[in-house]
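Given as structure tokens, the chain that follows is alone and in the form predicted alone.
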Amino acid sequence: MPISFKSLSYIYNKDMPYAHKALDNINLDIKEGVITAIIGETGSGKSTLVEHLNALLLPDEGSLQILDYEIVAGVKQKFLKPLRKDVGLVFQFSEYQLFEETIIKDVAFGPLNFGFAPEEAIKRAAEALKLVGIDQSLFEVSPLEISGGQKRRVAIAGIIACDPKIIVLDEPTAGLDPQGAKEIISLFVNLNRKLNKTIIIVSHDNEMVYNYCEETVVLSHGKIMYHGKTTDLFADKEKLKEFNLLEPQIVELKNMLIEKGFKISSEARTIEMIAKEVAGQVKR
């Protein structure tokens, strides 16, 4: 079952003189098992949108269907805890939320909070830490004593340990060096491909969006401006100009090669894939 927003609106400081409609009549279906990006300029409503997915925010108008849960404006919700287990939200700079005395305890906190027995919670925490690349020798170390990149991985492990069906990432690569950013995104790509997790990524990094996200949603002033294939969006220069989006460098390269007479397929989204296609045509 997809995630479905139906005529959903959200107003900050509702009924106040300085009320602001952050989301305005959102109608949007996000597919299961797909990596979807949500992009747009600062203040467009991206974070507000995804905070509805695990009911950190509740709609002022309209409704939202997530898995088997329906959230309707003005209706008291009774299933928030199971919803939040099924929808894991990784905040921007999530490492700042680490608080336990050891890494293993911090990651086990989520499963314990959702009712797992202590032994099962520790087991899940250990598996999640190994999955994100944290060595067992660090399990009993304070999360304050490890590097920034390791802290980000520990925070992500805390979400993975709860085994959510949907993982929402708000600027997951912010503050990371290029290699660290690539490793973090590759981790979620593997979760999508191997475990069929639905991944939703809020990002300003168009290069990352183009390389890894199958579909893209563009928000502007709280409204949906575009929803469709990522490759179609970044192939349309008029749309990029209209939405004030920078063209990814890989797309610039493809366009330059096409202008020189090469045929580059839409599936070629990495340097390696483009080089292979060019090499084949040069040989011919």
Partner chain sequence: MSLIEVKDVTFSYNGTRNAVDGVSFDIEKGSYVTIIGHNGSGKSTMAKLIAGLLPIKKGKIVIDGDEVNEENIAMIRNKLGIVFQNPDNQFIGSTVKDDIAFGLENKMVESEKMPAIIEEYANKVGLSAFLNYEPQNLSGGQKQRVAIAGILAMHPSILIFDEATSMLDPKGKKEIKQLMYELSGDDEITIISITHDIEEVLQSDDCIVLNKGKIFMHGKPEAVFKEPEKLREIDLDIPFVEQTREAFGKYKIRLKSDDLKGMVDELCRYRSNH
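Since this is a predicted model, take the numbers as computed values, not measurements. Positions refer to the first chain, counted from 1.
The form predicted together with the partner chain is left out here; the points below concern that form.
**Student:** Answer yes if any heavy atom of P118 is within 4.5 Å of a heavy atom of the partner chain in the model of the complex; otherwise answer no.
**Tutor:** Result no; P118 lies far from the partner chain in the model of the complex.
**Student:** Please run the contact check for K276 against the partner chain in the model of the complex: heavy atoms, 4.5 angstroms, yes or no?
**Tutor:** K276 belongs to the contact set for the partner chain.
**Student:** Tell me, yes or no, whether Q281 is in contact with the partner chain in the model of the complex, where a contact means a heavy atom of each within 4.5 Å.
**Tutor:** Yes, Q281 sits close enough to the partner chain in the model of the complex that at least one of its heavy atoms falls within 4.5 Å.
**Student:** My question is simply whether I66 lines the interface with the partner chain in the model of the complex - judged by any non-hydrogen atom within 4.5 Å.
**Tutor:** The answer is no: I66 has no heavy atom within 4.5 Å of the partner chain.
**Student:** The chain here is shown without the partner chain. Which stretch in 229 to 237, 24 to 32, 245 to 253, 216 to 224 comes within 4.5 angstroms of it in the model of the complex, by heavy atom distance?
**Tutor:** Stretch with heavy atoms near the partner: 245 to 253.
**Student:** Please tell me which of K123, R193, K130, K182 lies within 4.5 Å of the partner chain in the model of the complex, judged by heavy atoms.
**Tutor:** The residue in contact is K182.
**Student:** Could you run down 205 to 222 and flag each residue that has a heavy atom within 4.5 Å of the partner chain in the model of the complex?
**Tutor:** Only E207 sits within 4.5 Å of the partner.
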